[in-house]
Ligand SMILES: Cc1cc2nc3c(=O)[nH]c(=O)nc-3n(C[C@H](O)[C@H](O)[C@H](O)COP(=O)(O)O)c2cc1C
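Here you get one chain, nothing else, as structure tokens; it is the form predicted on its own.
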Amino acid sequence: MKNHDVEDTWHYHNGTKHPNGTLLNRYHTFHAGMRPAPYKIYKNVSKISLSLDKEPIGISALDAISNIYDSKVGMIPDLNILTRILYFSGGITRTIKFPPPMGEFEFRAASCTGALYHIEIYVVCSDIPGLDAGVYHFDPKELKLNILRKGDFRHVLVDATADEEFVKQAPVMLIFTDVFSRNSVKYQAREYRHAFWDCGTIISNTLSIISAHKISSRLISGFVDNTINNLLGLDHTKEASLVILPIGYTEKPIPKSPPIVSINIESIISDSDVDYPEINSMHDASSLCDNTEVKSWRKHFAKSQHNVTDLIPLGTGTLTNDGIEKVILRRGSTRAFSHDSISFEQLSTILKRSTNGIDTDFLAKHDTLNDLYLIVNRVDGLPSGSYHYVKEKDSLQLLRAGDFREISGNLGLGQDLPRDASVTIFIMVNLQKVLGNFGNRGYRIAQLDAAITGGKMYLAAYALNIGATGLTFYDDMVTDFFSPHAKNKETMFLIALGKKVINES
């Protein structure tokens, strides 16, 4: 069982650190003309056209981000709701024409490193209103479902997750996959980190829309990888399953699934043929091979329980009522920050609303694997300096006072964005402890947990009309800067927040 040999993770993680990771070629270059087509294309497949209703349903973005809806009341989403979930997770929300060689870019509901859109979404469902039971692929380009299998195959997922209780009760499952070469063409072997960064930011949208519809869900990371890949007809060396998200609740027992035969449908997943064996090695090392391994893997991580400044979130009377749909549609990665300040109340609201936790098979509700470290450049009501967010107390612990704007830029790969932002937030984890609990698969969930938190911060910031963007970083320099407090912690995600420059589109 490779999952327990965590040296595989350390080899990959240390080898993909900036600036001198041994698995990275520092002279590698990428230009827009190398960008692969960002869509999976099925040939000669039956399709179902989706009718999209974008109208807000009256739930504010901040409430949708922070609420976890848990109910045993029967809730079976219909095709209309499923379409909204898919669209606001990964649909095309705007098209922008750039000068050659970039050309026309179709941007999607959630951010993605390099706008390379390497995450695909599949649906496995029972009969639901408007849609027959089957296995489907979501095509965001045409807003259609590609029919891969007909029939109720949910029991395959029950078996693959070792009878996970929520999977046994869900009428609909979403499966998120990663097409490796679409992202590695730019980011090389570091792509496997991006797989979970970008999947997590998409899932933060998904969870928010599901919450807005008051539907229960649970993120499932423990499953037999090959079983899920075979169900979807994937070549796991090119595209692999990352996570399962069961949605809704039904008391009807799941019937036995039809036999799984090969899907003889030709598809094109990427027009890039660049392969990095380190990605496949890391994925294989973190894969679970059978139900017994899934059962032994599944456990809840418990974090151990500081001069602090209590958060002061905005009062309900001053909060925006913008619906989650409106916020997702206007969300984008900020390309330039002014040096203007945001308020401490705005920062408090973002931290509070985005860290309420998620329902998963690896965490107790409202908990997280990660810790938040901040460099505050300009926040009204909060002195500049470095901080640790003490979630248990809803407080910020001052680590060092001072002006660290230049350091913030240096840690963020020497870029202007983290230097100019009001605050940069580094989401870090004690990776050794997580790997000790979960083996190599812990690397997947540490990245995913951080990215979902970062994705919620994106949405919370845009709900407050503040800019946000995710960035990469110099790994060890971040740890060194926040030490000794962050000793033995590794950075999983970086997001910068602040006021956008006035003339930014």
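Nothing here was measured: the structure is a model prediction, and the numbers come from that model. Residues carry their position along the shown sequence, with the first being 1.
The same protein also has a form predicted in complex with this ligand, omitted here; what follows describes it.
Colleague: With the partner left out here, check for me: in the model of the complex, does some heavy atom of residue 439 sit within 4.5 Å of this ligand?
Modeller: Contact with this ligand, no.
Colleague: Taking this ligand as it sits in the model of the complex, is residue 107 near enough to touch it, meaning that at least one heavy atom pair lies within 4.5 angstroms?
Modeller: Close contact exists here: in the model of the complex, residue 107 approaches this ligand to within 4.5 Å, heavy atoms only.
Colleague: Taking 4.5 angstroms as the cut-off for heavy atoms, does residue 354 touch this ligand in the model of the complex?
Modeller: Output for residue 354 is no: heavy atoms all beyond 4.5 Å of this ligand.
Colleague: Do residue 390 and this ligand come within 4.5 Å of each other in the model of the complex, heavy atoms counted?
Modeller: No - in the model of the complex, heavy atoms of residue 390 and this ligand never come within 4.5 Å of each other.
Colleague: Considering this ligand in the model of the complex, find the one stretch among 195-203, 370-378, 209-217, 279-287 with heavy atoms no farther than 4.5 Å from it.
Modeller: Within 4.5 Å of the partner lies stretch 195-203.
Colleague: Answer with one of 221, 126, 113, 341: the residue that has a non-hydrogen atom within 4.5 Å of this ligand in the model of the complex.
Modeller: None of the other options qualify; the answer is 113.
Colleague: Could you tell me which one of 238, 168, 94, 298 places a heavy atom within 4.5 Å of this ligand in the model of the complex?
Modeller: Partner contact (heavy atom, 4.5 Å) among the options: 94.
Colleague: Using a 4.5 Å cut-off on heavy atoms, what residues in 472-499 are near this ligand in the model of the complex?
Modeller: If the 4.5 Å heavy-atom criterion is applied to this ligand in the model of the complex, 472-499 yields 472, 493.
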